[in-house]
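Single chain ahead, by itself, as structure tokens, in the form predicted on its own.
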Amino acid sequence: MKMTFNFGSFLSARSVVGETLHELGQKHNNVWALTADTGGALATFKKDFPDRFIDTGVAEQNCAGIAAGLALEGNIPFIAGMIPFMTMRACEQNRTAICYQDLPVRFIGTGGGLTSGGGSTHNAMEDISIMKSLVNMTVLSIGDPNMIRDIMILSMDYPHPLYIRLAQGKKDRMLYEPGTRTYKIGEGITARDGKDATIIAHGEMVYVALEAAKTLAAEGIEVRVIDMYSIKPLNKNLLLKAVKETRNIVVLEDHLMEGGLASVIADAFVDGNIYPENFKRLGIPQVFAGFGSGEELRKKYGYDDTATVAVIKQMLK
């Protein structure tokens, strides 16, 4: 299988969001941009479409409520903000104002996992668990900034609420050569093939999984890597294929090990009577992780590429 990774290149996901939203604003007069005091990347949209830009200040509940009202009038509101406050502070409004009415509001959140650098109050450890529990909400976690534009454009025809999780969004590593992949809600990507085990990851952890797979390949262990960017809905066929062909499954995510993608996959296994030979979760334990870079904290809590390599070696003994 040809690899299409371009690990030497970085791109700002926030810039891609801002540029794409401006592009959509030019084409569609029902596109609105909303933020709660974190809209630096939306400056061009604000300048060119001031009548369709709203900054509520530090009031995420208001941001969600206004977005619901705009959607009821036939608009497509995009909310850009920090994940902990977007998903927890405004949780009631997200549920009752947006999801209950099944409105096409798009949430684009930065700071996924332990990437914010802002400590436990700013770390997004529970967001996937919260957002996937909401009726009608779709949950995506994006690892390659180039994917964001395609997903945002695709969302223009998507009738339901949509949550897009990003990492810090300032310097994001590109995984796939532009134009080599197509993205659909409810799908995933086999980023690397392998027969001995499968690592299923999302967001920034896809790169970590690929690095672990590269290390293992040098020792003769071939590991498949699946970029499961669509968490809800989940591509169960891709999951079943991985179990049948590799038998050993590791779920690697920058989220609490309970409630995130690993829990979604475990539910799919039980509901579908699917039984891998081995199944292991790697992610944030039940702690408030504190301060540090994402890389430092992944190492501290045992879910970096080195820890992933060790787990797979033990699994295959």
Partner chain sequence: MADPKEVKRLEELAYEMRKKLINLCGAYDGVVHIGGDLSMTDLLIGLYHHGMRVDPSDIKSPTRDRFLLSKGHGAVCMYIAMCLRGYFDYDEIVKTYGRLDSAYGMHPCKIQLPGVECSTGSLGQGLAIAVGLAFSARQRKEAHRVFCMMGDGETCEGEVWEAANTAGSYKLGNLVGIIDRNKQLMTSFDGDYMRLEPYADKWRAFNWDVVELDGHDMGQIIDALDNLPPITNEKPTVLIASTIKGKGVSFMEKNVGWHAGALSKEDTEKAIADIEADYAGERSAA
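Positions refer to the first chain, counted from 1. What you are looking at is a predicted structure, and each value in this text was computed from that prediction instead of being measured.
What follows is about the form predicted together with its partner chain, which we do not show.
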item: Contact test in the predicted bound form: residue 97 vs its partner chain, heavy atoms, 4.5 Å; value: yes
item: Residue 51: touches its partner chain in the predicted bound form, heavy atom cutoff 4.5 angstroms; value: yes
item: Contact flag, residue 73 vs its partner chain in the predicted bound form, heavy atom cut 4.5 Å; value: yes
item: In the predicted bound form, residue 65 touching its partner chain (heavy atom, 4.5 Å); value: yes
item: Listed residue that, although its partner chain is not shown, lies within 4.5 Å of it in the predicted bound form (heavy atoms), from 55, 258, 277, 267; value: 55
item: Listed residue that, although its partner chain is not shown, lies within 4.5 Å of it in the predicted bound form (heavy atoms), from 120, 180, 237, 101; value: 101
item: Triplet 84, 126 and 133 all within 4.5 Å of its partner chain in the predicted bound form via a heavy atom; value: no
item: Option from 193-201, 85-93, 226-234, 153-161 whose residues, in the predicted bound form, bring a heavy atom within 4.5 Å of its partner chain; value: 85-93
item: In the predicted bound form: members of 18-46 within 4.5 Å of its partner chain, any heavy atom; value: 29, 32
